[in-house]
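Presented as structure tokens, the chain that follows is alone, the form predicted alone.
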Amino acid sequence: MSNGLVSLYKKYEDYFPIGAAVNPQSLKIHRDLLINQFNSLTSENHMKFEALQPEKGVFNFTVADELTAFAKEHNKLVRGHTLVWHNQNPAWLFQDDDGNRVNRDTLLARLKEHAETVMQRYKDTVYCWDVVNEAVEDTGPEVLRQRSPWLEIIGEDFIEQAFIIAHEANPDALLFYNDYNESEPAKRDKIYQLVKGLKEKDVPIHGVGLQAHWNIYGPSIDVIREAIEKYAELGVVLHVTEMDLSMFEFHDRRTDLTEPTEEMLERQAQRYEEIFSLFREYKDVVTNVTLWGAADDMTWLHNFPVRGRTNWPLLFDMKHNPKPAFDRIIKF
């Protein structure tokens, strides 16, 4: 506890860990918040392939080591994010020495070497990994995202192979498939079918990561509940991996606000309250809830998807003070 403020993670210790995404700056700027309010940490970008192995065979663990040392010092869990993604990969990964695309066996061997090196290094601090991130197509009939070098080079079993490799690299780690728009019925059903197929093949997958990049207007509680129940049918655990509640609908292009209105703050508070109430109801399957940041001064939603726009999606404001949403989720 700090300054008499209730500790969020202590309030939820009978339910699930409460996490925050971090980066080298936030480990310093949000240090007190992270120590007092959260007991699980996820690296925003510095455990991704490009960051950890920028050149072939040359690993850079500086930032990831800093994060895991911080977690160990303050008794925090760490979620690993992420091994296989269509973004943030070094150019060498998919090319041979002549600049041509590598074949399936070469890419699988490179993934295996990477996973073994990284997962063994952090086997005592990283208890779970987002093995594959965002591989499902949002719209249309295709299940898998088509413009992915992993799919193009390895084939449709690249997800299956990634989980097998990750499990061999650290048999004790919980392994997740992670995606956004995970509650929208069309994409939800694709993710469900993907994971169901992996389970039927006895592929070592233990959970589904629900990114939960939502907003103060949607998706509805009923839609989120349906998604939780459908994924739970698969016999996997669910982690809410990247939660934030944008003040704007995705297609809202406004840039006129310099601070949130009272109405927006109240609507956000109501949304956080009802969503966390739902998570508590499903605590047997929802076993980690991680916010994609600690406070509004550092969020990926500044300037995205609208350049020049500020957003306020988290539980603590620009000055790291608790917002109405914080008060609502600790009063139950």
Ligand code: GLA
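Heads up: residue numbers just count along the shown sequence, starting at 1. For clarity, every value in this text was computed on a predicted model and none was experimentally measured.
Just so it is clear, the following notes concern the form predicted in complex with the named molecule, a form of the same protein that is not shown.
- Residue 190 falls outside the set of residues with a heavy atom inside 4.5 Å of the named molecule in the predicted bound form.
- Among residues of the shown chain, residue 44 is one whose heavy atoms approach the named molecule to within 4.5 Å in the predicted bound form.
- The shortest heavy atom separation between residue 30 and the named molecule in the predicted bound form exceeds 4.5 Å.
- By the criterion of a heavy atom within 4.5 Å, residue 211 is counted among the residues contacting the named molecule in the predicted bound form.
- Comment: the named molecule is not present in this chain, but in the predicted bound form one of 167, 114, 76, 81 has a heavy atom within 4.5 Å of it, namely 81.
- 300 is the sole member of 282, 70, 59, 300 with a non-hydrogen atom within 4.5 Å of the named molecule in the predicted bound form.
- With the named molecule omitted here, the record of contacts in the predicted bound form names 44-52 of 44-52, 30-38, 264-272, 62-70, defined by a heavy atom within 4.5 Å.
- Shown here without its partner, the chain carries 88, 133 and 242, all of which come within 4.5 Å of the named molecule in the predicted bound form through at least one heavy atom.
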